[in-house]
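In C-alpha cells, one chain follows: the form predicted alone.
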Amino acid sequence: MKFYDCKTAPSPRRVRMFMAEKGIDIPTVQVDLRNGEQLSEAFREINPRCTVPVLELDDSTRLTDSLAICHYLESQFPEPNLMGRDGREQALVMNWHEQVMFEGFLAGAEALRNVARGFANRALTGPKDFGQIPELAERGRARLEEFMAVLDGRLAGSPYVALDRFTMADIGAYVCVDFAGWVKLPVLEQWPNIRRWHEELSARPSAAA
C-alpha cells in the first residue's frame, strides 16, 4: 500500500491518527498542497479529485476519502477497534462522525476558505477554481460555534464522542477542534467539557501524528 499525505492538512491527519492508534506503518508520499502539487497533471492521474488523502492498495485501487480509507484499514487491522464492534456501535460512531464532518469540519472550512488570502479563487477543494464569498465565511464561523456548543453538551455527559471508549468519532472531532484554531475560534477557552476531553486526547501518542 501507499499513502498520499500532506502533513499540514487536516483531512489526512484523521487517517494518520487512525493508523497511529492501530500501529500501522504505510509508505507515505507527501503532496505539497501549498504549492499546488495536487493540481498537477501527475497527481490528477492518481486522484482526479485533486485532494488528499489517498490510499493506494496493492491491487492499484485508490481510495480518496478519509472515512473510506479508515473503514478499509479497520477491516484489515481490526484491533484496536475504532469503528464499533456491532451494528449499534458502528451506527453511533458513523452518526457522530458524520455530524462532526458536516456541522463542524465543513463549517470551519467554509469560514476559512472564503476569507483567507491563500485560498483566493480556491474556496472549494477540487480540480476547479471557485471564488470566495465573504458572507459564507461569516456563516461558517457561526455554524462552527453552534456545533462546538453541541459537542460540549455531548461531552458533559459522556467521556468520549460516540461511545464510552475512544473511536474514529473522537479522531474526527479532535482534528475539527484543532482546525477551529485556524479561524481563531477560542474553543478550549470557551467550552470546558471540550477542553477536558481535548487535554485527555492530547496525551495519546496518536495526537502527534
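From 1 onward, residues are counted along the sequence shown. Keep in mind that what you see is a predicted model, and the values were worked out from it rather than measured.
There is another form of the same protein, the form predicted together with another copy of the chain; it is not shown, and what comes next is about it.
When another copy of the chain is considered in the predicted complex, only one residue from Ser158, Gln30, Ser40, Thr64 comes within 4.5 Å through any heavy atom, namely Thr64. Remark: all three candidate residues (Asn95, Met101 and Glu135) come within 4.5 Å of another copy of the chain in the predicted complex, counting heavy atoms only. With another copy of the chain left out of view, the stretch that reaches within 4.5 Å of it through heavy atoms in the predicted complex is, among 139-147, 166-174, 179-187, 32-40, 139-147. Residue contact check for Leu106: one or more of its heavy atoms lie within 4.5 Å of another copy of the chain in the predicted complex. Contact check for Ala116: every heavy atom lies farther than 4.5 Å from another copy of the chain in the predicted complex. When another copy of the chain is considered in the predicted complex, Pro78 lies well away from it, no heavy atom lying within 4.5 Å. Proximity of Ala91 to another copy of the chain in the predicted complex falls within the 4.5 Å heavy atom cutoff.
Taking a 4.5 Å heavy atom cutoff to another copy of the chain in the predicted complex, the contacting residues in 67-81 are Leu67, Ala68, His71, Tyr72, Ser75.
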